[in-house]
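Shown here is one chain on its own, the form predicted alone, set out as structure tokens.
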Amino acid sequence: MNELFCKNLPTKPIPSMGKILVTGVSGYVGGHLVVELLARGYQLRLMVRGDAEAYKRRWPNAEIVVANALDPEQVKTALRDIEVAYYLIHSLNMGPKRFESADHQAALNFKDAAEENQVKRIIYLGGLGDVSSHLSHHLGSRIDTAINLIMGKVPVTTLRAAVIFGSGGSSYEIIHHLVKKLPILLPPPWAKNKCQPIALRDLIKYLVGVLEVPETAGGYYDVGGRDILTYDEMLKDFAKIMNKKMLFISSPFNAVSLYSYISSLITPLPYTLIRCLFESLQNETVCLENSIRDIIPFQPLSYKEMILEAITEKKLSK
């Protein structure tokens, strides 16, 4: 990463803040969040499942603790002496049949451990979706996780995002490879559903911003970029910016499993992850409220700006 996303953030670091736990640091969002929080002078403990030494080499200024969210005792140890905890855990890589129960249990373990350790606040990143509609298993699990965390005594700040767009992220990789490798696309009916993508940099700014605005404790906020588009439009705009001529022919078939399988052959992402993400595309994911923009005021990127930034960062990283 060549620049800090939060250097012009309207909120200010809190020097008196105690130690912060960040989970999900091996993930796309969590890894970038760690960089920003360290740059702002916060004391961090990172909860990891893999090789602790590798994480120590990557972030020598952070404390590393090895813990599995499904192990209650390990989670209690990870949360000891923590003031604020970021909950960025999901189990999508387990596949459609297993991730819901794992997400449910992990959230309950975290809630109980946070209470026992008298953590002052949890910041949770969930998914957009109208709870009054029939949600996909993925989005439903995100809502279930939020409920499990909120049921505890520790105040929870919940941010809900749709497609998170940036170089190296799942959404970028899927769209980039589909546009790059296919001359013809057959978008299914759910490609006409609306989405409000958010740039990775803007999401990180909101995640850091709510930490630095204590009044957001207990709040529930939708976060998104400037544009509301269909998934079909997102693919077409990407192709246009890439100067790639493609033929789009609408398909009458939903066939989530087939589209997921084909995409797994074309992109570097596993079928299980793509399947869960594609199921969620059958729901419209737009912000139902925008109060966060008054609390943490800045202008989020448009979708075209997200594409240009992601492509540029991809080139610079090579």
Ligand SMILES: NC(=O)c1ccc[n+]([C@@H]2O[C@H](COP(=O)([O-])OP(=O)(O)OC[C@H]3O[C@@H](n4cnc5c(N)ncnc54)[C@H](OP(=O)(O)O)[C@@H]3O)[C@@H](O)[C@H]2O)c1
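All residue numbers are counted from 1 along the displayed sequence. Keep in mind that this is a model prediction, so the values were computed, not measured.
We do not show the form predicted in complex with the named molecule, though everything after this point is about it.
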Of the candidate stretches 243 to 251, 111 to 119, 82 to 90, 176 to 184, the one with residues having heavy atoms within 4.5 Å of the named molecule in the predicted complex is 82 to 90
Exactly one residue in G152, G209, G129, G126 has a non-hydrogen atom within 4.5 Å of the named molecule in the predicted complex; which is it? G126
Report the residue, out of C195, A199, A161, A78, that has at least one non-hydrogen atom within 4.5 angstroms of the named molecule in the predicted complex. A161
Contact label in the predicted complex: V256 to the named molecule, heavy atom within 4.5 Å: no
The named molecule contact at G27 in the predicted complex, heavy atom, 4.5 Å: yes
Do L288 and the named molecule share at least one heavy atom pair within 4.5 Å in the predicted complex? no
I'd like to know if L37 sits close to the named molecule in the predicted complex, meaning any non-hydrogen atom pair within 4.5 angstroms. no
Sequence-ordered list of residues in 42 to 63 near the named molecule in the predicted complex, where near means a heavy atom within 4.5 Å: M47, R49
